[in-house]
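First come two forms of one protein chain, each written alone as structure tokens, so that there is a structure 1 and a structure 2.
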Structure 1
Amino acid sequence: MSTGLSDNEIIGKVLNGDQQAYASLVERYQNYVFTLAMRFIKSREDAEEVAQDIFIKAYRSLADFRGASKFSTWLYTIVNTTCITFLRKKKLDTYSLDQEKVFEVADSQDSGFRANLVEQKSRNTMVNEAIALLGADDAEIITLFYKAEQTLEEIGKILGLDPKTAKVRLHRARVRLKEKMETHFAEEVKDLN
């Protein structure tokens, strides 16, 4: 196994014919990629299939990775395009920022969540559920910034945005997340303060 090696070292090994070394990269990034895919695709099965597809695409295009950016940034660009393509193909609801329906959908989902509120949710569950209530654009940017630890410049590259626009989008996403938490998880939020 190639654990302990940097991403670029592992990529070097893979490009030199050591296909098995790629497993370390998959293990290193599978949770990030899967979480990001889940932000777009609500079904676990579909998200897993798409995540698998993303790693295959990344493997096939590995020779195109020139190391100008972090491997993770390059990989998340593939996540972004693959998920959008998947949603277009499946014609699923892409909860865009511009869609008024976002809130209607969120509210209808909330009824399901409320039924489960009998049991006290852990902080993690609450945050993940609140993120799931957001539109895909908001959920993605929050995940990239907080979980995938990408800078605003890197997020800009992934989403094809100017860093300043990425910053504004992140800010809007956080405001919406806070609103969601206050609306749907008022009790938990109160306990936190």
Structure 2
Amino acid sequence: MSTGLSDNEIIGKVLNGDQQAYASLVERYQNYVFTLAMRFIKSREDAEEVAQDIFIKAYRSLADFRGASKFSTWLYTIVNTTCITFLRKKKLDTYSLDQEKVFEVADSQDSGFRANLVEQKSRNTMVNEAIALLGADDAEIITLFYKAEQTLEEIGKILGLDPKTAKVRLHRARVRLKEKMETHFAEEVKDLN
């Protein structure tokens, strides 16, 4: 059901009464939302339930989307607040954004286009383990930039930072990630070069 329409074009269709067009947005962002939900919620079943709730909330609030940022940025805010609300209601422990298992779940969702799955998973696992060694703030900004593909402006909006501050934090997080990789994965890093 994937269409060549942009997010804003699909949203326009939905707001003009084509409710079926919303399925395209769900299809486009279901892995993104589920992966983010798994960062907060350890149980796969609960994360799936919360992901469904997120899409329902997004649908109901679609008229509030102004297009000032990417749809994925707006959706991230809904993911964040819905997951935190769920955890408060369930009184469960929250999990750090740098939890390794989250990235393993994301990695296991193979798109079928990987040339060498074993090598790719090995690299991803190494990077994810290095990210897990970072502090929560560093892991969050690295994840938003590289995994969620957010721009510095979008990261600034999500984290309540000036984009220049987000850029500085991202740079510092990259330096710390490089140090962790060189310290803990020296042989693997050498093989990559």
Partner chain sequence: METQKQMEERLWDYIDGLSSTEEKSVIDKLLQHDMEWKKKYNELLETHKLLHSSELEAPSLRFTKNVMEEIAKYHIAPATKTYINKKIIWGISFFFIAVIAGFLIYGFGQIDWSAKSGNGFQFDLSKVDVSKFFNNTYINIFMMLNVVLGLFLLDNYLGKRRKAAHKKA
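Here, residue number means position along structure 1's sequence, counting from 1. For clarity, a rigid core is taken as the largest C-alpha set superposing within 1.5 Å between two forms. For clarity, every value in this text was computed on a predicted model and none was experimentally measured.
The second of the two standalone chains is derived from the form predicted alone. Annotation: Cα of residue 69 displaced by less than 2 Å between the two structures, core superposition.
The Cα shift for residue 23 between the two structures, taken after rigid core superposition, is smaller than 2 angstroms.
Relative to the superposed core, residue 149 undergoes a Cα shift smaller than 2 Å between the two structures. Core fit done between the two structures; CA of residue 174 shifted by 7.1 Å.
Relative to the superposed rigid core, residue 159 shifts its CA by 3.7 Å between the two structures.
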